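Next come structure tokens for two forms of one protein chain, structure 1 first, structure 2 second.
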Structure 1
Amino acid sequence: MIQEFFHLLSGWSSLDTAIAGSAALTAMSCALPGAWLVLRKHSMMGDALSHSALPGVVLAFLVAVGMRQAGWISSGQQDALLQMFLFAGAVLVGVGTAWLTEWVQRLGRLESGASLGVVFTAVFALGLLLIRLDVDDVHIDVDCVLFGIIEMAALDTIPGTSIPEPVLVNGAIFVLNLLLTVLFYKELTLAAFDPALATSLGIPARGIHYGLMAITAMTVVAAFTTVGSILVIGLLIIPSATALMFSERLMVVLGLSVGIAALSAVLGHALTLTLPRMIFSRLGYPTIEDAGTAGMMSVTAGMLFVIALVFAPKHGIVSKLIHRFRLGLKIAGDDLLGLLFRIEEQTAARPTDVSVPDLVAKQNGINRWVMSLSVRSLLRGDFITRQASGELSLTDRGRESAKSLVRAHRLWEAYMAKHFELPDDHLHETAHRVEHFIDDAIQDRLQSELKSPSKDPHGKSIPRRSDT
């Protein structure tokens, strides 16, 4: 399988490098404004902007072509101007969409999602009509479509060099976005985290909002070249959402987003060349050679997110499960230690029944398997020892630990009894639940507040801390 993967990859050509490079720069340029969208909880604004850019693009075409037809500019100038018009059109329509959304939301007293949905679909539909009415028109010289398909665009090199054109355009956008992020880092952060404070400090939160919308629209249009209007949403949002699973530091999140974006692009293209053939040749379709890079980029980014969702060190599902398992193990061990201590206390006969762990497990609803794991770890940690006959008893170390637990338990019971009108038999349950979480510091505070009690509400003595 893996061999096959690398075998298929060995066909990697300079065209593939150009494609992957263009794709990576596109993804990186999207990652930065996208991260701010995610942080501001405006992700769907990315959806709206990428859809609504359509009429902007069509208008730019119409203007450029119209100007040439009117004889104001030459064909060569038209190509040069078009890129500018494209950006201008995108910014215009993007900011317009954002403004219209806000306006409809305010005037119509609609929820933001709804007003977004109304506005961007209408703008997009308008774009569709414009395309069909005019751009379809045979008079338009669509050679000015500098943004060809990525595979096509990657062939369009800058005259005199072998650098593909999208590398230049998207690279420039990436640098611009990086520069803006660095320059306005403080303001962007503040406006995203607490717009009210931003306003009260004299930082125009609204201005920042519209600025971000303009930049996003521009980035989206530049990215059309490689990924088209829907998949660009993925490039905007997924890298930073993935980064958020890994880190809690803003700088790191931003940096990681860019890295993840580049990785999704390159990996996406690699998978395009390999995965479809590997799957479909097995399904009996040997003619399937590859799939579209743009789609695979998005899927790859999604896969990376799922991996982060599951395996991220702190917020990942696995890490949460492990944490919960460890806690369960600790509670099982604590319960065993506590019972051994209480048995010692009552009978003074050190060795105990062989079946104690089972008993504890049964009483507290602990999985037997967890219990036996916990016994093993207590034995290893020298908290308990096992007699030749199989009976368990506390070591000195285990006794200290158990004492602290029982102390926490009984102090808590005393505290509860003082402040709550609860029948005595209800005290045990909550104390049993919280005893694992009451550390020395809280024990001390409980003790001083209760004026160093010696007995708990049931009349059992509260063990003293050995070091006091």
Structure 2
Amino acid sequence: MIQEFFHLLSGWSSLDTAIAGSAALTAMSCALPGAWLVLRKHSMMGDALSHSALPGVVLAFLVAVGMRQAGWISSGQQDALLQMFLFAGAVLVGVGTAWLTEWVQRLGRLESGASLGVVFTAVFALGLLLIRLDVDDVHIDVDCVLFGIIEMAALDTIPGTSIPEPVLVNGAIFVLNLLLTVLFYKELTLAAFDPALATSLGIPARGIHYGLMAITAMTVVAAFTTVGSILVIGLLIIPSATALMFSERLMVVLGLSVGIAALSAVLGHALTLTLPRMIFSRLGYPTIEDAGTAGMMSVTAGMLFVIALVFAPKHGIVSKLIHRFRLGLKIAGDDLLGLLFRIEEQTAARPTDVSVPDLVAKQNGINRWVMSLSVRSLLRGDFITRQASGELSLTDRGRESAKSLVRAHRLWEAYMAKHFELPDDHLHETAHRVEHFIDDAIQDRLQSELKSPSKDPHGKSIPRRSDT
């Protein structure tokens, strides 16, 4: 199947390069403002802007066509003025949508999601209504506005060159967004994470918010001819959401967002040329050979997010399961070491019956398979040893580890007894949960806070550290 994929890609042409380049620049231009929307937890505002920008686009188009029909401008001037009208309308729509959303939220005492729903659905419906009102006089392709037509847009080249117009427009928007990010990085960061602090430092957080809405709206409008007003939301949000699965460092997130966006575009077009033919030819539909690049870009971005969701090294589902499994093994091992140490305290006899792991598993609800793996791990780590008779005992290394664990447990019980009015029989369970996470530094702080106690609330001796 992989061989078939590359065989189908062997027909890649210069037109495919133009389409992929236009798509990549469009996705990259959307990724930067989208990253700030995600970081500010305003992802739905991107959805609102992608919908509410529609009436601005339609009005700009109708005004430009109306001026030409009135004889005020020529056909050549119409194309130049149309771009100006589009971006001017985008700024007004972006700021207006943000202001109108806040006004509806404040006036109607609605939560932010409800006010966004009211505003962008109403404004989007207004845009569709404007299209229908003038459909007989002015040709506006509804499918193009809603879903884009990147394959045809790549054929629309700059006069006298072979450069597709979407490459120039979206490339310029990407450079503008990148330049604004570099110039106002500190202000954007403070306004995103702590608007109150930004305002106290003299940074106009509210102005930055409206500015971000305006530049996002301009980006959305520039992307209309390639991916349309519906699919652009995927390019605004999904790359940044994917990047956050891999890192929490802001610069890394911004860089990954742009890279993932570009990969989604190029890979999306490659899948457009190959995947439909590979799937539908096997289903008995050989005439279906490709799909829309804009839609496949969003699908690819979604696929990359799912891959990150499952396999990301820190926040992925697999890594979390592995972390939980390792933590479970550690806790099971700690419980076994702690019990062996307490038995030694009580009996002064180091070898212990082999049934101790079963006792630990039963008392703490630990799966016997996990307990068995934990015993093997402790044996390999030289924390415990097994006698010829099958009995388990602590090694010197294991005894030191167990002593630290029991010390943490009893110090925490003493701390809880001092600061909270709890019965003595309520102290053990809490200490049993936190003892695995109390390191030497915290133990020293607890000991200092408690004035170096020698016994816990139950009268049991609190072990001292070996280096004290």
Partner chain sequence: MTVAYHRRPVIWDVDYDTPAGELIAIVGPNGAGKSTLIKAALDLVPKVSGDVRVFGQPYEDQRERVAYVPQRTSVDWDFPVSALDVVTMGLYGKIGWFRPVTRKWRKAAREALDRVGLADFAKRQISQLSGGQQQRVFLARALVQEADLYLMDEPFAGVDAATERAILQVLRDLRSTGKTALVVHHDLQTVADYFDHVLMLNMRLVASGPTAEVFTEENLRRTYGGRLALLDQVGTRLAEGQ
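C-alpha atoms forming the largest set that superposes within 1.5 Å between two forms make up the rigid core. What you see is a predicted model; the values in this text were computed from it and never measured. Residue numbering: sequential along structure 1, first residue numbered 1.
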Report task. Kindly point out the structure, among the two, that is the form predicted in complex with the partner chain. Result -> 1
Query raised in the report: For Leu405, is the CA shift between the two structures at least 2 Å following rigid-core superposition?
Result: yes
Query raised in the report: By the 2 angstroms cut-off, has the C-alpha of Phe341 moved between the two structures once the rigid core is superposed?
Result: yes
Query - Angle, in °, that the smaller rigid part sweeps relative to the larger one between the two structures - result: 12
Query - Distance the CA of Ala70 travels between the two structures [rigid core superposed, Å] - result: 2.9
Query - Rigid-core-fitted C-alpha displacement of Gln447 between the two structures (angstrom) - result: 6.8
